[in-house]
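Given next, in structure tokens, is a single chain: the form predicted on its own.
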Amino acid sequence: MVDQGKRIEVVSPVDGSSLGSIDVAGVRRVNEAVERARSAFVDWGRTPVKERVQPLFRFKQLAEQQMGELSKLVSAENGKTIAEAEAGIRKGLEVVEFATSFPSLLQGGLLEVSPGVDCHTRRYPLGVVCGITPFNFPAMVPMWMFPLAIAAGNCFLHKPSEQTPLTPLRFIELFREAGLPEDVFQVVQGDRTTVELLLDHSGIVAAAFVGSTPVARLVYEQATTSGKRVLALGGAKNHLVVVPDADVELTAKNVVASATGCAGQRCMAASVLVAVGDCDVILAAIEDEMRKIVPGETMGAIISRAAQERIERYIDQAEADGATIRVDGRGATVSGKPHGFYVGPTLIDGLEAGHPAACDEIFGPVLTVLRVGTLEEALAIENGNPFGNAASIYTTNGATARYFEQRASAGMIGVNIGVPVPREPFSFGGWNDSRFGVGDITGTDGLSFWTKAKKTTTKWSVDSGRNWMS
């Protein structure tokens, strides 16, 4: 396989306009990127960590200074509102800030384990590594990866989604201005073929991925087969459990924000609302709150026409199977943007737990209500789904919250919080089919993933008869 000059057009979901096109990297381009990264690693991997983090300090400052421009770029290629775009960038910059603490975190350990005998540890970079990221967070998700990998001393190849390839190119420019050596961070554009080339390349020693569960599983299998260290984060079907004592106003606003934020295109979005007992007043408040959301104003676009049609098919099927569509987002239009891709907030009621709308990752602003009699029934539904990213409960009772927290099978738990994404230095990562590999992608787990430990034992004692190390 050689580079054939294939190009992919980049279309804005906001209005359907063309934002340009990208070249698809084939064998030649991938090989060139790897070789350039390997050459850069010779010096970068030996650069003291206090020096390695300096470009990250400057990158963060530059990104903050140009927040308006970056937010508009993310919004244009992804469809988010400007506010959502900025929030995602700022969340990513928290990881950059955490990476600048590596001079403290990489100090290693030292202990005299026996008279005259010391053991100490140091962490070393892996080499050339890659990250494969999805369309839904063009700035934040890459920043889960490259700041930690670069600060750890690796050279990083970033393969962004072909639907949102522009933000990473701007990051390259900011890093050049920040003084990061050329080829330490590169962007490799392309499609599935490009991903497979990266995963199979013998010069790449580790790969991180964020995307859907079926693809995450394939990435994990292919990359581990080629001998790589891999962490692949997949999709989710997050359950929000509401009990009758929940605060009505807080619950309504928070649930709707979780379900409709980023047009539901995030792995932490509310997807199923499990109502325990009599929650009709709360459900009515959620319905009222959902009707306040206006596509194109307070909610952004869907990434593509195909995604829009797929989401609407789930609503069609639910209605055909007898569900009540309490809020219907099908056929949403935005004034002045007739060619944009939009689905309005949707609330589905009256389905059983096994229905596709209650089981599949729809990845849109669609919330399905399931009704149960007890908290145990709610936990059985949550724990019975194959995913394990997030689960939340809405209650004013601390004992109920603790009971749920201890029994819900998910890596991230919320109490009266519908998007329980940990803030740095706490790490992001799910359980079950939402993750393939070991550890989380941010926090100290991220540091461990992008480094390897070397343990050294030294003996300077002249008394050879005092310990087993003689």
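Only a predicted model underlies this, so the values are computations on that prediction, with no experimental measurement involved. Each residue number is its position in the shown sequence, starting from 1.
The protein also exists as the form predicted together with a small molecule; that form is not presented, and the subsequent description refers to it.
Per the 4.5 Å heavy atom criterion, the small molecule in the model of the complex is contacted by stretch 233-241, the sole one of 344-352, 77-85, 233-241, 104-112. This chain lacks the partner; the member of A99, V366, V210, I302 within 4.5 angstroms of the small molecule in the model of the complex by a non-hydrogen atom is V210. This chain lacks the partner; the member of E312, E361, E289, D183 within 4.5 angstroms of the small molecule in the model of the complex by a non-hydrogen atom is E361. Of the heavy atoms in N254, none are within 4.5 Å of the small molecule in the model of the complex. Not displayed here, the small molecule is approached by S161 to within 4.5 Å at the level of heavy atoms in the model of the complex.
Among heavy atoms of T260, none comes within 4.5 Å of the small molecule in the model of the complex. Taking the partner from the other structure, the small molecule in the model of the complex has a heavy atom within 4.5 Å of a heavy atom of S434.
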